[in-house]
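We begin with a single chain expressed as structure tokens, specifically the form predicted on its own.
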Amino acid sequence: MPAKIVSLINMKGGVGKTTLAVGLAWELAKKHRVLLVDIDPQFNATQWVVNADTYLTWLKTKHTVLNVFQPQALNQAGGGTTPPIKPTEKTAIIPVKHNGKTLHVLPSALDLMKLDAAPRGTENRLRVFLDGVKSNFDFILIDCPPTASLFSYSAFLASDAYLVPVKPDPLSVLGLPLLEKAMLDYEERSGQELLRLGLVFTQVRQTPAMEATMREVRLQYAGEVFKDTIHQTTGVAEAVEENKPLQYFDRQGKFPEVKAALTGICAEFERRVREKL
């Protein structure tokens, strides 16, 4: 059965989207074949999962998501030119191993930011590429940029559903109506609807303001908010530096609550996919 493709998206930055994308991808990879697609020009997910030496070597001769959107693009950051061939699973997807598990990554690139005014039809290229590889995976997660852009629209066209990371503070929650507006615009432009799998609270702190915001969001989006939440932690930068997911970076028991939360979020994610897709 072809992979279920789910985009992680929020129009507000700094809400822990990449933390959820990487954590959920690795959790799913414990039992499934998983592809993590990074279409954010800041390429935070790529930097987290793929070590710098591997990435820089890859840029010299292989493809990134930049080549999916623009097949003849130059990988200037790697000091070389990508082969003048269409990206394939072999040339564009990096397998990464941790604790005996493998996560596959379609990496991003800084030059991606130059493509926001790309020729008409570019928005369909991600869907076409993923259609060609999805039979080899169970789940494909797309880490989107925090903007209404060519890349977010491309993810919309390629996906079966989307998942919303939400930091439960008043300013971040204001981004939810913006996201709904963007999704309505994408639906009108494409003539198709996209299922929302739900909302996941991220960067949670046990403050009265956050707890009140979470109660309000759970009421406003009844039945949509995931049970488990990801608490704010100060160790993410260390995990990124060592290219380790939080579940495998439990130094001195630093992240037991995050590990438990990701296990619960993954189980609920799988259940919702089974029931709704």
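All residue numbers are counted from 1 along the displayed sequence. The shown structure was predicted, so the numbers you read here are calculated from the model rather than taken from an experiment.
The same protein also has a form predicted together with a small molecule, omitted here; what follows describes it.
Looking at Q232, you'd find a heavy atom of it within 4.5 angstroms of the small molecule in the predicted bound form. Put simply, P146 is close to the small molecule in the predicted bound form: some heavy atom of it is within 4.5 Å.
The small molecule in the predicted bound form comes within 4.5 Å of no heavy atom belonging to G264. In the predicted bound form, V15 approaches the small molecule with a heavy atom inside 4.5 Å. The contact residue chosen from Q203, S152, S159, S108 relative to the small molecule in the predicted bound form is Q203, the criterion being a non-hydrogen atom within 4.5 angstroms.
Only one listed stretch (24-32, 208-216, 58-66, 224-232) carries heavy atoms within 4.5 Å of the small molecule in the predicted bound form, and that stretch is 224-232.
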